[in-house]
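Just so you know, structure 1 and structure 2 below are the same protein chain in two forms, each on its own as structure tokens.
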Structure 1
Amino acid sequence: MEAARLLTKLEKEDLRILMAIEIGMKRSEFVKVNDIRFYSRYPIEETLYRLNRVHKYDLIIRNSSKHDLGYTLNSKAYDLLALRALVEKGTIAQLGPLIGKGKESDVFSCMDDKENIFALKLYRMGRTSFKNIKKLRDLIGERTHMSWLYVNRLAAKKEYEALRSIYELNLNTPKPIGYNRHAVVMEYLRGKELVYYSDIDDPRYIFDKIISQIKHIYQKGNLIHGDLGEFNIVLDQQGNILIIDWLQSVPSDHPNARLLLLRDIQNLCNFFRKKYRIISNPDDIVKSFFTNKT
């Protein structure tokens, strides 16, 4: 990742300028030079010098079409700020290769100083995601102006908190290690999404295990995934399961909780029926969530 390589080249003053722009982006997409000067507490000469430096490193976007010159961070700059914070905290020490890429996130391998292997997830919900505003409604509320940085930050926080709640249920799922801005660090499960398996041993056992985990998360963790399918269930060779992508999750007391739970179960039942000929009744499964407390 280019952002990781730039960490060693930037000076602390450069990073301060980037953070000043980050602060300003809470109010507007492009931050005026005078506002950057104010947030950074630098003289105007130093502010302009640092802006030129980080612009040459392709970390900011300049908007000169309006009367007032303004700057905004790009995703590379946001990656850099998150990585720097995680390194300073001792959460990670080395970044590895890209191991997963989705519509809304990238996943890299990484390690800490003790060579523990983690997965680093970076949310990538850019401006195009705002077209699907209903998907983000529970996350951002009714606010009309929302920085894409802040949306990704909220998404990472929600994912981390969901994973932490699930980990506390002792379901043999990876431990969430930490998060910063749009980045979430968790223990690495050496598996792949269910959809990418051409075949699995004993699909009925895996199906029942997934249902059991969903039920346990619902009953003890009070969470419903809200967008469950074969693309966000990770399975390893030992049969361990990790349900990922909790962006659309809702609490069990949500007004549409039962409807969303049924939809999740239907998606899972349809996948196993079509691919592995596992016949099940989604309505009966959902009923068991309310009658059989684990």
Structure 2
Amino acid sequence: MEAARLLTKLEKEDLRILMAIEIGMKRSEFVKVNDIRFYSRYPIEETLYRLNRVHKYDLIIRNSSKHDLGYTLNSKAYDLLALRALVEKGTIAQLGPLIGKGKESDVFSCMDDKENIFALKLYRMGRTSFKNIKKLRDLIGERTHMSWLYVNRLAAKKEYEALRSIYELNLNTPKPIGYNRHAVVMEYLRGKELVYYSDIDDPRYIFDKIISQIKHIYQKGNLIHGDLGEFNIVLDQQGNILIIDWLQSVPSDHPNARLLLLRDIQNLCNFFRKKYRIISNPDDIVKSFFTNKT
């Protein structure tokens, strides 16, 4: 990844300039040079010198209007800031290859200094498609200036916290390792999504296992996945599963909880019925969530 390669080339003053722009972006998309100077606390010469450097490295975008020169971070710069923070904290030490591309994220493998392998999810919402942002409406509220930076930071925080709250249930959800800005580091399962298997060994067993975990998470973790399906379940060759992608999760006391739960279960039932001829009744399954305690 390019941001990771650049990390070794940048000087700490370059990073400080990027962070000064980041602060300014809370208020407006483009940050005026004078504000960048203010937030970085560098003299104007140093500010201009650093802006020039990071611009050459293609980390910032200059606005086109002649008066009121301003700059904004691009997503490469944001990746870089998140990666650096995670490295400094000792959460990760090395970045590996891209392992997944989701609807709203890029996922890389990464390693800490003890050679534990994790998944690093970088959120990428809002720049190409704003329709995704609707899903975050409850987080965003009615704000008018809503930068992609902020949206993605909120998303990472939300997913990290959801993972943390269900991790203690000891089920097949990724152990949260850390997060920074738009990045979440979590347990990695070397496999592929359920949807990409042409066949699996014991579909009934996998189906029952997923349902019982979703039930457990609902009853004990008070959480509903909200985007459950064959794309968000990773399976490896040994039959281990990992239920991923908890961004859209909602608490079980949400006004639409029962509907969302039903939709999740329906997705799962449909997939297993069409592909593996497993017949089930989503309504009955959901009912059982409310009556039989685990």
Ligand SMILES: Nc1ncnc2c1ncn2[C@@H]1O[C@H](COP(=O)(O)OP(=O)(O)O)[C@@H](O)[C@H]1O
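Residue positions are counted from 1 along structure 1's sequence. The term rigid core refers to the maximal set of C-alpha atoms that superpose within 1.5 Å between the two forms. Note that the structure is a prediction, hence the values are computed from the model and not measured.
- Both panels show the same chain in isolation, but it is structure 1 that comes from the form predicted on its own.
- Once both forms are fitted on their rigid core, the CA atom of Gly239 lies 2 Å or more apart between the two structures.
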